[in-house]
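The chain below stands alone and is given as structure tokens, in the form predicted on its own.
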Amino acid sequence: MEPRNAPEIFLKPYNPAEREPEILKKWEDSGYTNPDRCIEDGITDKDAETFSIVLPPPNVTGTLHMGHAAMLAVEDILVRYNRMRGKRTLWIPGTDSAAIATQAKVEDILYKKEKKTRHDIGRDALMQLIEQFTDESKATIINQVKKMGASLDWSRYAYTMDEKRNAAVSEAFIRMYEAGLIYRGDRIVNWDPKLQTTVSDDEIERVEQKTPFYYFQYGPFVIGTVRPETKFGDKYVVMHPADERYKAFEHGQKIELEWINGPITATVIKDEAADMEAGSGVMTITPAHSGIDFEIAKRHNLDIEQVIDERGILLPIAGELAGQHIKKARPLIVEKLKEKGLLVKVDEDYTNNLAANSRGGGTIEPQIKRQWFIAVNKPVKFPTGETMTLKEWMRRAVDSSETKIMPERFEKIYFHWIDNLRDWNISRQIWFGHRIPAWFKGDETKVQVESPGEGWVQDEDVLDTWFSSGLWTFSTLGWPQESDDLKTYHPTTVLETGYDILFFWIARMVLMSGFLRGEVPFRHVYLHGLVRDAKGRKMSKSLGNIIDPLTMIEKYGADATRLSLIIGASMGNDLKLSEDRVRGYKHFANKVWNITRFVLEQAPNAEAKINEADQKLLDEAHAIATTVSGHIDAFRLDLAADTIYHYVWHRFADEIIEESKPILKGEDAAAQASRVAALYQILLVFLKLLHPFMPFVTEAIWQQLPQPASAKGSGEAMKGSDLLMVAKWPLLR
């Protein structure tokens, strides 16, 4: 090849803002994020091993935050690495409707602009507003994902509310209903009075707060509560059967006592749910507004009376306080009991964990509601021919290592959650979401997609977002049809997400894939930690410590932003991030740029013979490739990134290049040619190793390398393209 000096582009410092858009366009124009295109162009063998992953779909309500950025960085590294290893690599993109949060946001906008509620404009009009909002939000989030360099196959883009996913959701519901797994019944649920909908157990956020704890005299007993407003219906006093303090009282015994609205007859209930260590060891129960109390009432066939309505208003059982909101009524109830001499004491420093809707709603008020549930303890026949419960399947999937959770310590948390899993409430009383395919006519119910005929009315409720998200690994591959994609790429190779979503989503996907497909949804679960500020605090608007990934990309480039989220970020552990850290990796991108300029200024000759000493340097680079590959295969991306970072900066730049300068200035032409050729070959190796971690700067450099060496890569590049994104991974030693 004809020698030449470094291209003029290297005379200026590397400018991410200038280079990244043009590189992104090259990748998009190539179509090589689509494995089918790679096969067509001879880049990937049609019989190659597969690597598949689905993107945890970002909510359409928000914008890219550092948690998303960390997720995208990890997944893109895995995808680019496996694509360069010659695998049929598929990364499916998508967005999530985030139904509760999205509807709440649109309703807030509607009220601020027009002072109207959803009931003022009706279901159809609200759906139109939501569609406009989500279309704009989807475009925003997709553009932001692309800026991170995420090499997703956009030709397979999915949205949880699109037509194909809607068909999959209806099919799943009908199959599970016909199998007896889905039923409709009256159960205690988490009710959000603000959004007027049920909320799943997993979406409850415990907010720590100081709350007065009241002690009241209840006949011969002292009971404690933070919620006096629920006590109007308390006519059962529960104690542990083994509590020696109350052995004189018998189960079912009647006791006459004075209470909030006058004399009542209370019944003694002996039940092991009573905590002998808590307070006096005695408690009264409000079965209509507490999950634990409801279960006790069901066990003993007790009366269940509603005290608070869906809006948080006291019902007629409250007597003179009926019609009052519970917040206003609470001090009045306490005062009333005090006047009766029934207030024993008040602990003003009591710390209480208030249950709130994490999806932007209000304080949770448990209510008994008629809802749709998935039975997790009912034996059912699976596609494998085996009969077991959903809980048994979910445990076996991980216990058998068909799905491996990493880090391993999270398996214990997973099993604990499965063991305590209750029937899953899947219906929501909002308008945005997958409408439940159930129809009512009098006392009749039919579950099907289309209306059964005249007089039939469809259920107004929609399905829990996690129901549709639970189908994500296979609904995005064409299910319920047995598509080529489904046969080729499912189960997926890895599911990567934050450890905080282990129960929300991962367990749901294992459940759904097991019953509907008879297989696990993914072979590995890679859990990344949370991204915190430099002091280890959670990023929040109130603390003013949010680091915006888009701002970091604008200032320092996507490569620096990505690397700052990988090095030092081991699986399952939180990462402390600062702007200085991101800035530091921008210096590394500049270093790689300058190293390339130095090597190309030596006019490398691809035909030069490499001597034994220089071959050892090249062998060392390939040994580094083996180490980096091993770390990535073990999902230790932090160690892989750290290894290549230190090799490039400290070994190649600080030592090998410095040691090369006397040779390059010497009189031995053969030694010079050999060393330059070796430096160039090492440059090719480390550009490939760095590419999954820093795709933009490495691709920008690759495009400037002299031909044909960049295309051939000394026999190490895949045929069919001069793009680094599909270059062959370095030879391993």
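Not measured: the values here are computed from a predicted model. Numbers for residues come from their place in the sequence shown, where the first is 1. Between two forms, the rigid core is defined as the largest C-alpha subset superposing within 1.5 Å.
Here the subject shifts to the form predicted in complex with the RNA, a form of this protein not shown in this document.
- Although the partner is absent here, K231 lies within 4.5 Å of the RNA in the model of the complex, judged by heavy atoms.
- Taking the partner from the other structure, the RNA in the model of the complex has no heavy atom within 4.5 Å of any heavy atom of K46.
- Residue contact with the RNA in the model of the complex: K576 places a heavy atom within 4.5 Å of it.
- Interface membership of D275, defined by any non-hydrogen atom within 4.5 Å of the RNA in the model of the complex, is confirmed.
- Here the chain stands alone, but in the model of the complex its contact with the RNA, taken as any heavy atom within 4.5 Å, falls in 347 to 355 among 119 to 127, 319 to 327, 347 to 355, 136 to 144.
- Interface residue among I610, I657, L486, L315, judged by heavy atoms within 4.5 Å of the RNA in the model of the complex: I657.
- When the RNA is considered in the model of the complex, only one residue from R537, R370, K115, R206 comes within 4.5 Å through any heavy atom, namely R206.
- The candidate spot formed by S155, R435 and K616 is out of contact with the RNA in the model of the complex: none of the three has a heavy atom within 4.5 Å.
- Scanning 635 to 660 for heavy atoms within 4.5 Å of the RNA in the model of the complex gives R636, L639, H646, W649, H650, A653, D654, I657, E658 in sequence order.
- After superposition on the rigid core, displacement of the C-alpha of D96 between the shown form and the other one stays below 2 Å.
- Superposition of the core reveals a Cα shift of 2 Å or more for T351 between the shown form and the other one.
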